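Before any questions on how it binds or moves, here is one chain, the form predicted on its own, in structure tokens.
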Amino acid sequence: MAEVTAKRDILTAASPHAETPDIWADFRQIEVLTLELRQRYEHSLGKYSRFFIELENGRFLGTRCARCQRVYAPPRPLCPACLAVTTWQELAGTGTLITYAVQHFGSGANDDVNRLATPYVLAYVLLDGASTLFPHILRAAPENVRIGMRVRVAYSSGPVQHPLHLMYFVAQG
């Protein structure tokens, strides 16, 4: 159920032409309402739920296609190459940085991203054993980032707004 709270302010606007009679004087008092709407809802992560549950447990999962043997990270319930249903597979959580972008301002996507100090690095990592790139935050100074560097998955210790932020990449070493 939504809860609405209101704050009421009554303002009187000044006439823009003080030297002439104000025919709108009776209409210059305006009411301004500040409304706050709070809403709670539940959202299912559906077929991807196990991926996020395991992130909370410090495990990184992808999915494997039994037919063509491709391994998807991020996981996909259905193989886009041959349309077979995939199965879960744990990955080591290590990989190679293929490319990256230095972000000089936050996207505003959610509070997790807004809390990141800028500039930050958006990395595209080929995880060991995976067939696809995994895009995510690499916590490293941009001047220390190099294509081909080894990285590993690290796990957040505090609360996050979105479960994808339960993990991030760091330099392996």
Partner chain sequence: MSGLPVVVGVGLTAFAANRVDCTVRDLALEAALACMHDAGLMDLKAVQHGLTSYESDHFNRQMTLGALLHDHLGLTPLPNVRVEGGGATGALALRTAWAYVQSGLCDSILVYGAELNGRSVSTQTANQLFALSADFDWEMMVGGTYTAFYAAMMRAHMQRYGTTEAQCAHVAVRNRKNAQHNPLAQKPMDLTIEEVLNSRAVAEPYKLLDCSLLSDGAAALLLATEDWARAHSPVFARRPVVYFAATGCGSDTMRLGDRYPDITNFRGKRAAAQQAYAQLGISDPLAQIDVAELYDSYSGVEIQAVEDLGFVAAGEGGAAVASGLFDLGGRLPVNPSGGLLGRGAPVGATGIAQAIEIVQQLWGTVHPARQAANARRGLTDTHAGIGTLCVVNIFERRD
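If you superpose the two forms and keep the largest set of C-alpha atoms that fall within 1.5 Å, you have the rigid core. Residue numbers count along the first chain shown, from 1. Everything numeric in this text was worked out from a predicted model, so none of it was measured.
Unshown form predicted together with its partner chain; subsequent notes refer to it.
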Exercise: P135 in contact with its partner chain in the predicted bound form, heavy atom 4.5 Å | yes
Considering only heavy atoms, tell me if S107 and its partner chain come within 4.5 Å of each other in the predicted bound form.
-> yes
Interface membership of V102, its partner chain in the predicted bound form, 4.5 Å heavy atom rule | yes
Classify R28 as contacting or not contacting its partner chain in the predicted bound form by the rule of any non-hydrogen atom within 4.5 angstroms, answering yes or no.
-> yes
Along 44-61, which positions have a non-hydrogen atom within 4.5 Å of its partner chain in the predicted bound form?
-> L45, Y48, F51, F52
Hey, does R146 budge by 2 Å or more at the Cα between this form and the one not shown once the core is superposed?
-> no
By the 2 angstroms cut-off, has the C-alpha of T118 moved between this form and the one not shown once the rigid core is superposed?
-> no
Mind checking the CA-CA distance of Q39 and P159 in the predicted bound form? It differs by 3 Å or more from this form, so is it closer or farther?
-> farther
If the CA atoms of G106 and E36 move by 3 Å or more in the predicted bound form, do they move toward each other or away, so closer or farther than here?
-> closer
